[in-house]
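Shown below, as structure tokens, is a lone chain in the form predicted alone; questions about how it binds or moves come after it.
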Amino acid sequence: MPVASDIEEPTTDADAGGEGLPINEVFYSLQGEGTLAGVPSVFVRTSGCNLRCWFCDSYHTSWEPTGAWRDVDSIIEEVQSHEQATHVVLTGGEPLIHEESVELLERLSAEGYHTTVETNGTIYRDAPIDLASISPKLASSTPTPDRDPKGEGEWEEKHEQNRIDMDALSQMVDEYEAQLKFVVTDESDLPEITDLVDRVRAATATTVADDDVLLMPEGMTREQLDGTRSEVAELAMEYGYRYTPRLHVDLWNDAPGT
């Protein structure tokens, strides 16, 4: 069975098509982020991404994508094996680069699951999504040569050019219940966040309340979060946005499958 690392990284949305989906992992845990933090959920993590955040917390879905191609039936069967769960989170990588994500979401909806899609907001798909958890990537996410995990810097220009697509982002906000979840590295991110929120409000018919804007501290370990969470919580109070924890990191640190 081919693995995602054997497949050339898609350069356009259409190029991401194929049989089934490249799946990095499927696991049962608590939703750790956003308005549904704490809800038991099955996570379906696809492999492959059109961006390269230097701090990506799922390195093996982006910088070095790995996983097995699986058909939708087998994914549904594994989801159903977790009988306690009524919520499914489709995440990545960027799950919406794959056309087959639509079929998976349709099947999950037909089975009665609540679906959250965790996305960077650069690709719109017409699919049954109960919550679009959109995490637009800020300038501070760009993998400059000094921050590139591989030390090569080859993704800097491409990431910077593609990290915001206002057409896709605004359409997603208008079509789905949505939350805008920003990874905050420090206070310098807030002017860009407020500007982007204003642009989204101007481009959409949907009311985007401050409660729909979530600030999440950057950090993949408890130790890293210890250095960022208090500052980000203070910024949320100062700007009137919502603070979201990284509950899975608080509970299980950086353990896989959480």
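Note that residue numbering begins at 1 and tracks the sequence as displayed. These figures come from a predicted structure and were not determined experimentally.
What follows is about the form predicted together with a small molecule, which we do not show.
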**OP:** Name the single residue among Leu30, Ile193, Val26, Val208 that comes within 4.5 Å of the small molecule in the model of the complex, judging by heavy atoms.
**Re:** Leu30
**OP:** Counting non-hydrogen atoms within 4.5 angstroms of the small molecule in the model of the complex, say which of Ser170, Thr91, Thr142, Thr115 makes the cut.
**Re:** Thr91
**OP:** Sort through 199-207, 229-237, 66-74, 43-51 and report the only stretch with a non-hydrogen atom within 4.5 Å of the small molecule in the model of the complex.
**Re:** 43-51
